[in-house]
Each structure stands twice: as C-alpha cells, then as structure tokens.
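Take a look at this single chain in structure tokens; it is the form predicted on its own.
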Amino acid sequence: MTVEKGATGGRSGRGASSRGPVSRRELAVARVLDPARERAETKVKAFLDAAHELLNGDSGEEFTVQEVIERSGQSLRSFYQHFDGKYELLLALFEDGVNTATRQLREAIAEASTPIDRLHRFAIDYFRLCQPPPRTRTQKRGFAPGFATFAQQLLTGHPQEASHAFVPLTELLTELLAAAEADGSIRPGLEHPRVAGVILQAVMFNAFAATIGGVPVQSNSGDPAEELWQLLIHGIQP
C-alpha cells in the first residue's frame, strides 16, 4: 500500500538525458495527482485500521464490509474505489501484517550475534507473533487472531497470492539460512527458499493451532516455540 513519491524529481534528474526536461504540462498533472494519491492512501489506511480492529473483535473474520465502512467513517463508494470486496481487503490487511512482522523480526534478530542465533531468534519470535493473544490484551498491528483461518484459505486456495504475500518473510528467512550455511551451522546444499517456506508454514500453523495436540498455548511442560525449534533445527543441521 506504500505510495511512491517524488516521481517528478526522478524525471527531471536521471531521466532528463533520455527524455529531455519535464514539461510544464507534466508538472501540472503531477501537482494534481500527488494530493489525490495522498488522499487515497489516507482512505486506504482508514479501511485497513477499521478492518484490523474488527478482525481482533468478537466477530473475528466474520465482520462485514458495512461494519468496515461505518467504523472507518468512509463511504461505500470510496470502499469499492479501492477494493473489489472483503477478500481483497483481507488480503491487503494480511500483506500489511506480513510487512509489519518482517520489520519487527529484523529488529529482533539484529540483537543476536551469530547466524544460528539469528535463525533461532527468528523462529521463536515468529512463533510469538503468530500466537493468538489473550482477549484481554490489545493486538498491535501484525498477525491478528482471525488470520488463522484466512491464512489456511490463502495457502490452500490461492497459493500464488499467498506466495506473493509472504515474500518479505521468505526473503528474510532465506538470508538467514544462507548466512547459517556459510558459517557451517546448517547443512550445505539446501534449497533455501523451499526450506524457508516449510519453516514459515510449520511455525505459523503450530502457533495458530497450538491446542490440536491437546497442549495449551501456555504449557507448564515446556515452551512450545522452543520445542518446535528443536524439531526444525535438527532437520537442517549437519
């Protein structure tokens, strides 16, 4: 959803040698379009914020477009100018959550000193991000509880869209795997993007469905995130 600004500056600089100076007409159009883009970004943010709040509410993913419109303070016409419907809104919100989670993880792993420690920190913190928070705690921007069902539908019914949505996380984890291989912490010759996808899916769905095995999210018998990490790391270590 990021809006790139300063396009006219790029044309009058590097692009000037191939196209010549920017015309006054182009500059005039740019002055009209830029504020429109800013207004569009403001409206889109209002819709995403409203959907995020509703997704974290009691209705979860069952909220309606009308509820989004009412909570955002925008119009129905404005909504359909930006989204084809609820599915596209959820997809945009999911991508927004992935981008936010990736930034948080990059900050977290920067504190680790070795490649294997950074890989470990990624797996543990990603598990925590994917866990449904207690209803008493307000969920910050990121993976909302209602994303569990949506993520399953996305991965099974729309694999290409899912692949696109997860690109930031996949790229970050691929970087970590490459660094861990370079210093001998994991087995050489692994196909890092494929391994990254397996790890992301394993962590996400174990965090989302922590009670499938009869073990509560907060278990006294051990840390489920660390237990999953042990399973994963033994599969890729030398």
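Residue numbers run from 1 along the displayed sequence. Predicted model, so just to flag it, every value in this text is computed and none were measured.
The same protein has a further form, the form predicted together with the DNA, not shown here; the description that follows concerns it.
- Using a 4.5 Å cutoff between non-hydrogen atoms, Val65 counts as a contact of the DNA in the predicted bound form.
- Proximity of Gly85 to the DNA in the predicted bound form falls within the 4.5 Å heavy atom cutoff.
- When the DNA is considered in the predicted bound form, Thr156 lies well away from it, no heavy atom lying within 4.5 Å.
- Not displayed here, the DNA is kept clear of Arg194 by more than 4.5 Å at the level of heavy atoms in the predicted bound form.
- Heavy atoms within 4.5 Å of the DNA in the predicted bound form are found in exactly one of 35-43, 176-184, 197-205, 49-57, that being 35-43.
- In the predicted bound form, the residues of 76-101 lying within 4.5 Å of the DNA by at least one heavy atom are, in order, Leu76, Arg77, Ser78, Tyr80, Gln81, His82, Gly85, Lys86.
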